[in-house]
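As a starting point, one isolated chain is supplied in structure tokens, in the form predicted alone.
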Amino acid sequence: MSIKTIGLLTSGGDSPGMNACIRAVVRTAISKGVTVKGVKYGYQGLIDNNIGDLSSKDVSNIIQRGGTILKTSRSKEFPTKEGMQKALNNLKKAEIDAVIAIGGDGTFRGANEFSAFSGIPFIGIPGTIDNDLAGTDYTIGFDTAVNTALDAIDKIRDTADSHDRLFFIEVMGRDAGYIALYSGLAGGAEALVIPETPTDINQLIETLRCGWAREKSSKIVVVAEGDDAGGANEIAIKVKEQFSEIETRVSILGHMQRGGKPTTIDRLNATRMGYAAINALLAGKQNVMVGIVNNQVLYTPLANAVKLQPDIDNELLEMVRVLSA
């Protein structure tokens, strides 16, 4: 199949580095003689025919910006047969031969279903702060989000130390604890609470009590928002019930983790993946996700990228336990 025009969209939650990826896709495509049409607001933009040409100038001065110039959304209409038919009609009208979709698991599920419905080939690029896709060591935006969380943890530790307080810091991660694990380990947290492991409140209390017995002046517990114990607020209440002698505070970092200038690593990964996505399409690959594993570009079927989520490294969890002693 000859690829003359591609559609490019970002879908789901935004992540720092998406703009760097958009820039790489557009400029690589143009260098290969391929036209790029940007789709605004993700899959909903396909339905609404929110499609326009992207030039090299359009992606100038965006590599350092967070968010996505193509905007993003989550579409309830797209998964329906009627929504997909509207999207297909608009793609045909725009003479788009293939689509590159930057996003996470929901984006890739949508790409798989739509490609099966329409025959339009897709290439996925992993853009999500959660780092919860198989086939890549790091997703675009993860490194920036971790550094944002780590900066907040460092600052909160200063006030925790000043008041001898226990802080529960909630980071993003509805189904994945990678931000909590990396920022907690790098930030010297006394304990981590993540969705991948069951939470034992009594064990958490014992860990904190041991630290208090050693006269530690501050305690930081990093909590992933999707943990089974109910998030930072719920956990703080449960701990307070049995640990009333210590003053506790909760800090929920929220969507600040999605914003900000992307780090060097996120810019480099985004650029490499965007470049590789165009080359993959022109080489005849379709319905795969571009990833980087051990510093090498690899391609994983979209279905596997979603289905086979990477496992949490238990050794890192053990490090948190040992180093908090």
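From a predicted model like this one, the values you see are computed outputs, not experimental measurements. Quick note: we count residues from 1 along the sequence shown, nothing fancier.
One more form of this protein should be noted, the form predicted in complex with ligand F6P, which is absent from this view; the next part is about it.
- Contact with ligand F6P in the model of the complex, judged by any heavy atom within 4.5 Å, is made by just one of Ile169, Ala101, Ile235, Met172: Met172.
- Put simply, of Asp227, Asp130, Glu190, Asp143 only one has a heavy atom within 4.5 Å of ligand F6P in the model of the complex, and it is Asp130.
- The partner is not drawn, yet in the model of the complex one stretch among 121-129, 243-251, 89-97, 157-165 has residues with heavy atoms inside 4.5 Å of ligand F6P: 121-129.
- Though the partner is left out of this view, Lys40 does not reach within 4.5 Å of ligand F6P in the model of the complex, counting heavy atoms only.
- Ligand F6P is not shown here, and in the model of the complex it never comes within 4.5 Å of any heavy atom of Lys71.
- Under a 4.5 angstroms non-hydrogen atom cutoff, ligand F6P in the model of the complex lacks Pro301 among its neighbouring residues.
- At least one heavy atom of Arg258 is located within 4.5 Å of ligand F6P in the model of the complex.
- Residues of 7-26 that come within 4.5 Å of ligand F6P in the model of the complex, judged by any heavy atom, reduce to Gly13 alone.
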